[in-house]
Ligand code: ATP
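Here's a solo chain for you in structure tokens, the form predicted on its own.
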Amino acid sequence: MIPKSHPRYESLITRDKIVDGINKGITSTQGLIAQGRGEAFDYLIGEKTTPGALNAEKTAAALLILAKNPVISINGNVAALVPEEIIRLSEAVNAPLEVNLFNRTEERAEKIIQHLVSYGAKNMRIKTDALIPGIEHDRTKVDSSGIFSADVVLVPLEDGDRCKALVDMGKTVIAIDLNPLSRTAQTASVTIVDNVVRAIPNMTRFADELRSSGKDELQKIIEEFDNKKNLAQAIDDISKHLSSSLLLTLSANII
């Protein structure tokens, strides 16, 4: 039992969820490495949602609401970390969930589906009857009525080659990636540089707020967003946080 008074409580709880996901057979062991890499970048932004990330999350919500056929891609880490939250977002923007895995086995995919169903998921795409062009690993396998035909795809915790392949298919891709320099971040239409455990609830909140907005208002939010500027701002935020932390350390040593 981790006491809530522990200074790393939230981080340790998140790690435990990934370990629990591995024990349940829904998360791959490689997911541990991905989690550690993401946590390192979360340190660099101060483990908080920046104003730039909030703007990207609002834009993402507007895109999902306006989409004709939005889909939310699910991998093992997402299923382990934010099952309830991703289902709430799915319902808020009427976007089905689709399991898509790099290290795929049908047994693991089925376990993730059943895991989400146990949390109340109803709107899911579960076939693998279509292939994304240009990918040679198992992430190419998708549902013809889901990711394959979607106009907007949310791909939290993504790998860069599928992100590029989806963009090449003409899709708008929303990525959640704590590393603003990754292939995914640089390729996506909208990159949310934030921890998935913060980003998904934020997107749901924005979706609830924007649901009654007119099409023109939503379109304006989207048109005013520039992902290159967004990524540049994220890198600047990291630089400022590191500089601030360094100054605090130096001041403490002087004192």
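Since the structure is predicted, the reported quantities are computational estimates derived from the model, not experimental observations. Residue numbers run from 1 along the displayed sequence.
Another form exists, predicted in complex with adenosine-5'-triphosphate (ATP); not displayed. Remarks below refer to it.
When contacts are judged by a 4.5 Å heavy atom cut-off, residue 183 counts as touching adenosine-5'-triphosphate (ATP) in the model of the complex. Taking the partner from the other structure, adenosine-5'-triphosphate (ATP) in the model of the complex has a heavy atom within 4.5 Å of a heavy atom of residue 196. Remark: residue 172 does not count among the residues lining adenosine-5'-triphosphate (ATP) in the model of the complex, judged by a heavy atom distance of 4.5 Å or less.
Put simply, residue 109 is far from adenosine-5'-triphosphate (ATP) in the model of the complex: not one heavy atom of it is within 4.5 Å. With the partner omitted from this view, the residue of 142, 150, 95, 81 that lies near adenosine-5'-triphosphate (ATP) in the model of the complex is 81 [heavy atom within 4.5 Å].
Contact with adenosine-5'-triphosphate (ATP) in the model of the complex, defined as a heavy atom within 4.5 Å, holds for exactly one of 55, 35, 227, 202, namely 35. Judged by heavy atoms within 4.5 Å of adenosine-5'-triphosphate (ATP) in the model of the complex, the contact stretch among the candidates 142-150, 173-181, 83-91, 114-122 is 173-181.
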